[in-house]
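The form predicted on its own is given below as one chain in structure tokens.
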């Protein structure tokens, strides 16, 4: 029988859900600097589309700005939906949050469509009482 990892208390789980609701709303609204501010100063984001992680708030902000500009030029909005969330506390006080993220593309004047489904694994830490992403790794089933 497999040993089950400890789960976060209900109030922490709810806090993590609220964190993602705000973070994804910031990203989808093109609030690049606010979104990047949800990472630690030296936070890392490793999407499957890049050979190396994006590190630090300035680089995260620039990447989010470029993505928003590309979507605006294409006349499209993306909406990120975080689901199937698990939150596991670590001995060092950090939290590992794993989820499935569905990205829905909404073209201006056209029907919405499912763009991607990703697996997101974050290490969340607290700084000044706020949850922040220290490390994010995103994977896709259709890529090695």
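Numbering follows the first chain given and starts at 1. Quick caveat, the model's predicted, so the values are computed rather than measured.
The same protein also exists as the form predicted together with a further copy of the same chain; that form is not shown, yet it is the one meant from here on.
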May I ask you to check whether residue 98 falls inside a 4.5 Å heavy atom distance of a further copy of the same chain in the model of the complex?
yes
Residue 90: heavy atom within 4.5 Å of a further copy of the same chain in the model of the complex?
no
Taking any heavy atom pair closer than or equal to 4.5 Å as contact, tell me whether residue 132 reaches a further copy of the same chain in the model of the complex.
yes
Please determine whether residue 79 contacts a further copy of the same chain in the model of the complex, using a 4.5 Å cut-off between heavy atoms.
yes
Quick one: of 104, 68, 44, 59, which gets a non-hydrogen atom within 4.5 angstroms of a further copy of the same chain in the model of the complex?
104
Residues 24, 85 and 117 are flagged as a possible site; in the model of the complex, is every one of them within 4.5 Å of a further copy of the same chain by some non-hydrogen atom?
yes
Could you run down 11 to 30 and flag each residue that has a heavy atom within 4.5 Å of a further copy of the same chain in the model of the complex?
11, 13, 14, 17, 18, 20, 21, 22, 24, 25
